[in-house]
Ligand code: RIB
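So this first bit is one chain, no partners, the form predicted alone, shown in structure tokens.
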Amino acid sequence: MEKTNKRPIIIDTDPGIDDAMALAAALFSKELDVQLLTTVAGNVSLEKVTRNLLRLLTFWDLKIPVTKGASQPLLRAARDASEVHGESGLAGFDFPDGNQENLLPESAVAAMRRVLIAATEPVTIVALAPLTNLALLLREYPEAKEKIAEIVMMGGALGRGNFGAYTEFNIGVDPEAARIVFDSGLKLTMVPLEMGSIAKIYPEESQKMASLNQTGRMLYSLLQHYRSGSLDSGLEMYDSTVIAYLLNPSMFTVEKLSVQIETQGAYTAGATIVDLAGFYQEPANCQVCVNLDSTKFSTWLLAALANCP
């Protein structure tokens, strides 16, 4: 592949309203080279998230390869978040039919391996969804690890969860996959649930968004149907914080910590045990975002969306 000054990335996603916001910021960034988009069951079913991604790309008139990944977790029954994102996953806007030419016949894991092996420089994997595809990649194609620069993920929680008492959705849907990723020895950056709770969109920002461009109007329409918070009290923008970290990490406070994934607990399966105080004396295996400048985030997000059509 031709070398560019852009950072090469693969985005693994499950659109999802907040995924749409993150994708808009990433796909129109002058600093990121999105080489592949992969889908995984998460916010809604695999078929729906893939359809949603193809519709978004058609809306933006973009030609980026898409591949379908895992339709269910490694060991557990599939669960979704349609109560947050609507039955379709992108409730609130009438999208055009997706261009099927963007969809490749190969599996997400095979496509990831192909892109990684062919890469002339290490590739960053951006995970906005349950980690099933990444676990399968690491398990089936360990030779691809040396081409992964870093995995930056939206997932986990420093404290309380949104899927269980201590469990965040993306990790909780497939804890076994998350454990494989966190035990991989790769460079990991975790942008946890709490960052999305800081990175809120309020009515003033949403009105500015609607006035930016066609993308801003589309996202504004989606936000009217997003059920993670409310427009009055602030809508939590989880996935966009990952793109913010990639493009402007200085707005975050980051600590190198030990993070372990609970898979056995009757009430805590999928919990991320973030050892902030060093209780367990385990070596650090993850960079963890522990704080975020909300004003800088809002300014960055509106500027990023202004780059969209």
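Small disclaimer: the values here were computed from a predicted structure and weren't measured. One rule holds for the numbers: they count along the sequence shown, beginning at 1.
Beyond the structure shown, there is the form predicted in complex with the named molecule, which is absent from this document and is the topic of what follows.
- For the options L223, L193, V123, I180, the one in contact with the named molecule in the predicted bound form, meaning a heavy atom within 4.5 Å, is L193.
- Contact with the named molecule in the predicted bound form, defined as a heavy atom within 4.5 Å, holds for exactly one of T50, T241, T272, N43, namely N43.
- Residue contact with the named molecule in the predicted bound form: M154 places a heavy atom within 4.5 Å of it.
- Within this chain, L128 lines the site of the named molecule in the predicted bound form, having a heavy atom no more than 4.5 Å away.
- Looking at Q72, you'd find every heavy atom of it more than 4.5 angstroms from the named molecule in the predicted bound form.
- Among heavy atoms of N213, none comes within 4.5 Å of the named molecule in the predicted bound form.
- Residues with any non-hydrogen atom within 4.5 angstroms of the named molecule in the predicted bound form fall in just one of 93-101, 163-171, 202-210, 141-149: 163-171.
- Heavy atoms closer than or equal to 4.5 Å to the named molecule in the predicted bound form belong, across 199-216, to no residue whatsoever.
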